[in-house]
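Subsequent text provides structure tokens for two forms of one protein chain, presented individually as structure 1 and structure 2.
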Structure 1
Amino acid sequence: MAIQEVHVEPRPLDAFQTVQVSISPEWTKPRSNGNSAPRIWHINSTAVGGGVAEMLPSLIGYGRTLDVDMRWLVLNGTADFFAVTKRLHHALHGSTGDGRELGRDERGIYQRALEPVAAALESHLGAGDAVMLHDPQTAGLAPTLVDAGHPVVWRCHIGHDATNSQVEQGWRFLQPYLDGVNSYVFSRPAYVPEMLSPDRAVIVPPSIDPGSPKNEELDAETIRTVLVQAGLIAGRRQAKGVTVRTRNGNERRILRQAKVIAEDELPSWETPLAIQVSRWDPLKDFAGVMRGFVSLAASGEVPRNARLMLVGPQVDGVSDDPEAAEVFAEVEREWRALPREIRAQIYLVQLPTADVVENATVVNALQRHAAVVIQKSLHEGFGLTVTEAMWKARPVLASCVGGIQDQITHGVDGLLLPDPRDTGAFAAALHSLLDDPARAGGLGEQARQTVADRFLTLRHLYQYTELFSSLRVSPAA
């Protein structure tokens, strides 16, 4: 099958209790007169894994509850198609990827793989239905859809602040498919490429779902139970796992233990933790975080006897990211070379990933427990870890790069590091947050408000419906 529909159930809106719900009424299905609004079809290339597959069920699920008729189709590509689109992905990020070209052969592979997909779309789409194509994998479907009279929006979730020859090559490849689309959506203004017409570009930042396992509300006792069971703070684990209940009544099961590399015993519940939770990627600069903390520890200046926890997914076994293992090994080597009493203040943590809900629940609990959340990235597309921590009212200390600067206003709802490589400034800012819990708490409270106002799923849904309305796709009269 070239394309498959993924069915999404309506999601209850109770996670938005404290947030304004405002959806353009013309987009909701009239309930009484039998006419229905045109549908919006989202098309991407995977049902699981990655940010798009995480956001779509939330957008579509809440949309259904609000009577916005959105559907989701996932295309099936061939291995050589995905090799080409991976190369495109790297190019748009300014890197060379596997070092191979994006030439005529690649264009042939790309287009041939999309032909059966375009043909299969006909059986799903109704006349006048609108389509949102996500990312480079689907851009090649646009001409067929435009010719068939569908309003088409191309949503690009990636981008690079600066342009170089790779970026240009990537956009040259995509541009011919995008000429006829009604609108392009980018996460930040800086990501709109020069080659595309700026008047058709719309900015829609990503969002997080306050009802998802990663972000749902947990009370203090639940946070503690989760962290003890995951082996992240001291306490008695249950051999058969534990089941906890979230504030909204969802049951979450925690069984697996994190792999913790440490000199000392685990921190207690009372120990303030500074954490960074990210993929083990060189651009997340875990080593820089450690060096900054070490500079405080070496001069005996870590306030409140706080500890540092560097946290990422497990890198052994099934990991599909060989770079992660190297990055972790490098951080571990540096950690082992530290004096024992300093090493004892730093924990290196790999979280189990076998069960995505369990993993998300542990990340949620850890972010909620942290005294300070760090994101010292050297580059960042948007930085969902920042949004997640802000929503949990944490004081966030993060680099002023990529989408992080769209989220944090320095000194208002977090702290920004103008130069992400400045270890001294980082250490001083970390010290200031750990040393003044009242100020840190104030930043955190404001951070939650910022996310409530700007970075939750309903804002995202609202912008999408507004966008399609502006294209004059309106409900059938």
Structure 2
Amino acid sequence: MAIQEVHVEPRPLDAFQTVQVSISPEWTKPRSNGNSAPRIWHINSTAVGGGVAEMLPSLIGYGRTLDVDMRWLVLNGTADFFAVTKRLHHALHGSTGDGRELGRDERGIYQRALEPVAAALESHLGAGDAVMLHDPQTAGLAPTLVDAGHPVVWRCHIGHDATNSQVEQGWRFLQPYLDGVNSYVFSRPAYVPEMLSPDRAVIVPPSIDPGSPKNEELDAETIRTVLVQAGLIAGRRQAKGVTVRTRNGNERRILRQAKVIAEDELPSWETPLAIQVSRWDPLKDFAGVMRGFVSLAASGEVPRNARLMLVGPQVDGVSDDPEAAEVFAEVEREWRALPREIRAQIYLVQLPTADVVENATVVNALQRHAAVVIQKSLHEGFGLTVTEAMWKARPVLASCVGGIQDQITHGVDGLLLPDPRDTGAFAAALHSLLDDPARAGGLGEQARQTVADRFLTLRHLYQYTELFSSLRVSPAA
């Protein structure tokens, strides 16, 4: 199938009351205005893995509760198509990626892969339906949708604060598809390229859902049970799995075990963990995180006998990320070259992705258990793993790049690394957080308040519905 619908049920707003965050009354008013309200279709390239797939179920679910008829379609592409779009992903981050060009051949691959997708859309979209296309994978659908008379918004979740030859090459590739769309949405102003019409650009920061399996409240015993069953800390697993109950009464089933590469036994419940949870992407710099920790371990200066855990999805579990296996293999090779006594302090983890809720519950428990959460990205569009950890009142050590710098105020609600490639500075900052739990806890508490004030789903949904309302009134020329 060229495209598939992902069905999302309405979500009650109870989660926002349970966590007692202040919500603007404007955000929770029903948005329907009778028969004139269109359906809004979100289209992206994967239902599992990455920030877009994390956000859409919540945006759509709460939207449907508030009388906004939102739907979700996922396109299916070829391996060559996803290699080209991954190259585009790197280019818009200012990176060369695999080094391939973005020329005529790549454009041909891109367009041919989207032709059956564009044709399949006819069976889903009705007259007057609006569409939000997400990221480079979907941009090539815009001309067909515009020609059919649909209001179209292109949502770009990535970008680079500065312009270089790679950024320019990426935007040259995409621009022909985007000239006719009604509006563009970016996560921060610096990402808006000069070649796109600035009067059609709207800034909408991403968000997290406090009621989702990834972010709902878990007590300490539930966290421990989940991590033991997932094979991430020492303890007795149940062969038939376990069912845990979250604080708001949801039951979550944990059956599958993570694939853990380790030299010795799993860490105990009492062992402090520094973790990074991300896709296996070279821009996330897992190897750099490991090198920084190794520099502490080699000098015998890891406070509190802490351990490092590098965590990502199973390498074949995200359909639109062809680099995952290669990136993981490179990290594993570097890990295996370390002295045994240092390897024993580092764990490489692949989480199962067959069950989205199970995967999210395990990540939730792991982030809540962590002594420090790291996000040492070389480039980052926004960084929802940062938002998630901040919401859980964890001290976050992250690079001062992209949208991360919009979330963290250094020394107030986390620590920022001015240069993500400075291994010594990273190691020193990590040492300071592990060595001073009281300070780390204070940063974490303020971090949760920052997210409550600025980065929750209802604000995000309100901005989207306001945008589509404005397009219906006076669509862009």
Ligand code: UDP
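All of these numbers come straight from a predicted model, not from anything done at the bench. Each form is matched to the other, and the largest set of C-alpha atoms that superpose within 1.5 Å is called the rigid core. Structure 1's sequence is the ruler for residue numbers, which start at 1.
Engineer: Among the two displayed forms of the chain, which is the form predicted alone?
Structural biologist: That would be structure 2, which is the form predicted alone.
Engineer: May I ask you to give the angle in ° that the smaller rigid part rotates through, relative to the larger, between structure 1 and structure 2?
Structural biologist: In whole degrees, the smaller rigid segment turns 22.
Engineer: Following alignment on the rigid core, what Cα displacement (Å) is computed for Ala53 between structure 1 and structure 2?
Structural biologist: Displacement of the C-alpha, rigid core superposed: 4.7 Å.
Engineer: Mind pulling the C-alpha shift for Tyr110 between structure 1 and structure 2, with the rigid core superposed, in Å?
Structural biologist: For Tyr110, the C-alpha ends up 10.1 Å from its position in the other form.
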